[in-house]
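In the form predicted on its own, a lone chain appears below as structure tokens.
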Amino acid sequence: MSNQALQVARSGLDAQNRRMQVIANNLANVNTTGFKRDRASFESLAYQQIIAAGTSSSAENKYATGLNLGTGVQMTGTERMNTQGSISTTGNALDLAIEGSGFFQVQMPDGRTAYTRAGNFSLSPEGTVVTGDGMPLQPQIQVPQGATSISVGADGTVSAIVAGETAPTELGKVETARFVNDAGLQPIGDNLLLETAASGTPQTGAAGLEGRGSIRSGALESSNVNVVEELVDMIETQRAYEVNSKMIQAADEMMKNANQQL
């Protein structure tokens, strides 16, 4: 019995340790543009059925409840919370924030399309709108040399005044993508997410249409991590870890007493 208690408590330590890692990652990214916090989810491990409910306890009676012993807990996954982060004004025309659902699309070096909420874009030496890592926004937007007064509308239309012109010229349109199941996207670091079978295929198009959020130029979306909430979760996790540690000590003492007395 004590050995089983040790294993149950060990599973609790593992689960709480993983939850603490999730919380630590959330707090580490509290200032990361467009970061979405993760939430750990758990499930109980298999049960040992000692007595099945409804079986006969005597010739006339049956057990109203069974005797089932759990074998612990495990963390089954992390769910990304895609709530809107606060919008901070920067004044940089190529800083873009999505208000509502959707992701920017960028082309990775291997040709695949990745998705991000981090809209801190800039210009490459060739005038292409790119991420800080140099990955071009999709569809590509090319800004001519000498262009001034770059602006991006709520629907993603990019305009600028090019050399020799006085009226703004439309340079292209920033399209966004949304998914049936945003939580199914695979994070790969660098503020990027990849499509998976769980996320479904991207539904791309102009911002502000068909459920896609609108774009605000000159602003960035902050992380949606709430520091106070994370600290409360951290304390709760710490207490649960401490209780499981004490359970291991108690089970060890029980085995020690049993060995000394037998």
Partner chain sequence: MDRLIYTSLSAMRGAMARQQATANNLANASTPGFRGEIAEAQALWLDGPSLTDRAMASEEVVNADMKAGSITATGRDLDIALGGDSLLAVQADDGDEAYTRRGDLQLSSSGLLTTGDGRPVLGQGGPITLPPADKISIAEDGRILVVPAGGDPSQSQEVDRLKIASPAGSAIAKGLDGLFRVKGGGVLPVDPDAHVTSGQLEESNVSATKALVDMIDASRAWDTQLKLITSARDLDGASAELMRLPQ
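Positions refer to the first chain, counted from 1. Source: prediction; values computed, not measured.
Only in words, not in the display: the form predicted together with its partner chain, which the text now covers.
Contact check for residue 231: no non-hydrogen atom falls within 4.5 Å of its partner chain in the predicted complex. Looking at residue 123, you'd find every heavy atom of it more than 4.5 angstroms from its partner chain in the predicted complex. Interface membership of residue 154, defined by any non-hydrogen atom within 4.5 Å of its partner chain in the predicted complex, is ruled out. Of the heavy atoms in residue 148, none are within 4.5 Å of its partner chain in the predicted complex. Only one segment in the set 176-184, 107-115, 90-98, 135-143 has residues whose heavy atoms sit within 4.5 Å of its partner chain in the predicted complex; it is 176-184.
Residue in contact with its partner chain in the predicted complex (any heavy atom within 4.5 Å), chosen from 235, 194, 28, 51: 51.
Within 4.5 Å of its partner chain in the predicted complex, a heavy atom is found for not a single one of 170, 214 and 226.
Residues of 244-262 lying near its partner chain in the predicted complex, listed in sequence order, are 244, 246, 247, 250, 251, 254, 255, 257, 258, 261, 262, the criterion being any heavy atom within 4.5 Å.
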